[in-house]
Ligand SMILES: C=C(OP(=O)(O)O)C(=O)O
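Shown next as structure tokens: one chain only, the form predicted alone.
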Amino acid sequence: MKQIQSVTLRSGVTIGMGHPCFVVAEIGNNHQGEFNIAKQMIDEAAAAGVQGVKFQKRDSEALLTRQGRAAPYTGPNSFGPTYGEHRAALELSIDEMARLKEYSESMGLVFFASAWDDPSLAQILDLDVELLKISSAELVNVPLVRKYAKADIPVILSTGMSGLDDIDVAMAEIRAYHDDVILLHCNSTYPCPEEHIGLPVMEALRERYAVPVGYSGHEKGIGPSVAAAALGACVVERHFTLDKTLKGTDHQASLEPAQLAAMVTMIREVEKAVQVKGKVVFPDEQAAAKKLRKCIVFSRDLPAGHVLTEADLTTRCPRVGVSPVHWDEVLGAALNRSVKHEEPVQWDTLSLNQPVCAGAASS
């Protein structure tokens, strides 16, 4: 496999293989356009143990056509009678985002955002962020991707809705300026059925692009996200909400604080569980083996000189004599002395036809 680089942010956080999984609470627009709710979400995300909080920024006039802005939007999740008014109601001002960035960083969190249009990207860059995110929707927007790349700031690129040809184009655009890019495998269905997630795709992306690869999950639960960490995801990003029942389309595919905290805990457990790469018998296991595993014992009283058969032997706990792994070596040996029923077999009790190897002699 090609050498996969890591990406180090200005704050010193390193994202990549061999480093702790960078867990991100995607706050997005689940703050409902309210600064105080956004600040509370940062508090809850920090308490859950994440390393990053991500927001979204849109400029309705740059994002939508006049017709798109004027389109009626009157469903149960609407924040305004037209789609333009709905989108505007969910936006925080750039001054509010600057305050949220300062607050996040005071708590040791990486603050970043995805900008969905040129004016929003310019505003986010003015915040002097250390990380950018290109959303799955904007992956094919070559002029915008190029502007992201020209900023020369590490980029997370989400790959939902995209085939490999599309990803090839976006990656070429970014790599024309720098190599600090992280790919996220993603299915942009909200919520995403588990059978459509495709976690093994992460390995295919690592092989193809030789960059750190993570997972942006939209499933209802947390199992696939934890499994992604076990499969080497360097980033796990999940949408976050204070309450799944709030008005809005993202909340049902988002995690509430207790779920987010549980996921972070499980990811950290998984990281410990995959540290050992080879089969090792640890000292605690050796102590357990002495208690739980059996040794060969004599099944009856036997005289000196007796040649052992299977009828003369059985196995019993604890293992204070020769291990049953040497059963065939013990069969046919002669006794050097008389022995008692259930007495553990010891090597020095036996006269063997051939010498026992050093490893067997110590077992």
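Sequential numbering from 1, following the sequence displayed. Nothing here was measured: the structure is a model prediction, and the numbers come from that model.
Below, we turn to the form predicted in complex with this ligand, even though it does not appear here.
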- residue 54: touches this ligand in the predicted complex, heavy atom cutoff 4.5 angstroms: yes
- Task: Although this ligand is absent from this view, report whether residue 136 comes within 4.5 Å of it in the predicted complex, heavy atoms only.
- Result: yes
- Determine whether any heavy atom of residue 216 comes within 4.5 Å of a heavy atom of this ligand in the predicted complex, and answer yes or no. yes
- Query: Does residue 209 reach this ligand in the predicted complex, with heavy atoms at most 4.5 Å apart?
  - Reply: no
- Message: At 4.5 Å between heavy atoms, only one of the stretches 270-278, 128-136, 88-96, 228-236 reaches this ligand in the predicted complex; which one is it?
- Response: 128-136
- Does every residue of 9, 22 and 103 put a non-hydrogen atom within 4.5 angstroms of this ligand in the predicted complex? no
- Note on the structure: Contact with this ligand in the predicted complex, heavy atom within 4.5 Å, among 170, 183, 186, 260 goes to 186
- Query: Which of the residues spanning 114-134 lie within 4.5 Å of this ligand in the predicted complex, based on heavy atoms?
  - Reply: 114, 116, 133
